[in-house]
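Just the one chain here, the form predicted on its own, laid out as structure tokens.
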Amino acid sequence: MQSSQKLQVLRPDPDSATPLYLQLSHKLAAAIQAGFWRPEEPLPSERNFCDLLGVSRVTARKALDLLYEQGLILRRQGAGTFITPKLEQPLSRLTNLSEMLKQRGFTPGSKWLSREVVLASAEEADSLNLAPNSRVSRLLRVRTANDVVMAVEETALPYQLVPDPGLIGDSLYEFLSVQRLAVVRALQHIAAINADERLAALVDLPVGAAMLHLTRVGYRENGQALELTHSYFRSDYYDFVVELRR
């Protein structure tokens, strides 16, 4: 469907009691959720909105401002306005980020910050049921989707099972499966946090920005704890969804 045709279904009703900019904002949000535009696809300019929909520049700008505040669009200086690559992860199924991104048409990637063997912290030793002074293979990386930074992820694995963290590629779970160390169940805890200076710099957010913090302990088929992961997701790009039935 051509961009001009897409826009026609967004035309606000001048006879409605609802302000034009709210009508346009609601219609645009619904169109984005319905997949009219793909993530990272540019939106028409304010001028195009005005010309094709017969609205004022002020109406178009106010409508887009609302979408920006909701995290549905991105503004890039000198490049235009783009659809935010929003991801929704169901909480009812164990999946990994690389797998989920591929299923939704994104290209997953990782920027490794460190892969090292270190002494386990108290939390790592407790979560992985390790003896005192045990070592772990600790991974720290930035996760991306279509080269857009989505999250920061820190993982600890028992050194006895994963002695060389440098062999791990973009997908940790794929690596573990190949090594016959597949994670088959996990316990996850989710919390809302504010980005400190370190996290803010890594994901290009202002200090204090809202983020989602997921803590996961993954287990093998034999019940052995294999993975402790702390993931820090951009809340404007990422959401968790659970279906409830009665």
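Between two forms, the rigid core is the largest collection of C-alphas that superpose within 1.5 Å. One-based numbering along the sequence shown. Computed from a predicted model, the values in this text were never measured in an experiment.
In what follows, reference is made to the form predicted in complex with the DNA, a form of this protein that is not presented.
With the partner omitted here, the stretch from 48-56, 197-205, 210-218, 181-189 that lies within 4.5 Å of the DNA by heavy atoms in the model of the complex is 48-56.
The listed set G169, G71, G80, P163 contains one residue whose heavy atoms approach the DNA in the model of the complex to within 4.5 Å, identified as G80. At least one heavy atom of K62 is located within 4.5 Å of the DNA in the model of the complex. Under a 4.5 angstroms non-hydrogen atom cutoff, the DNA in the model of the complex has R75 among its neighbouring residues.
Remark: L20 counts among the residues lining the DNA in the model of the complex, judged by a heavy atom distance of 4.5 Å or less. With the core superposed, N222 shows a C-alpha displacement below 2 Å between this form and the one not shown. Relative to the superposed core, Q23 shifts its CA atom by 2 Å or more between this form and the one not shown.
R135 is not among the residues whose C-alpha shifts by 2 Å or more between this form and the one not shown once the rigid core is aligned; its shift stays under 2 Å.
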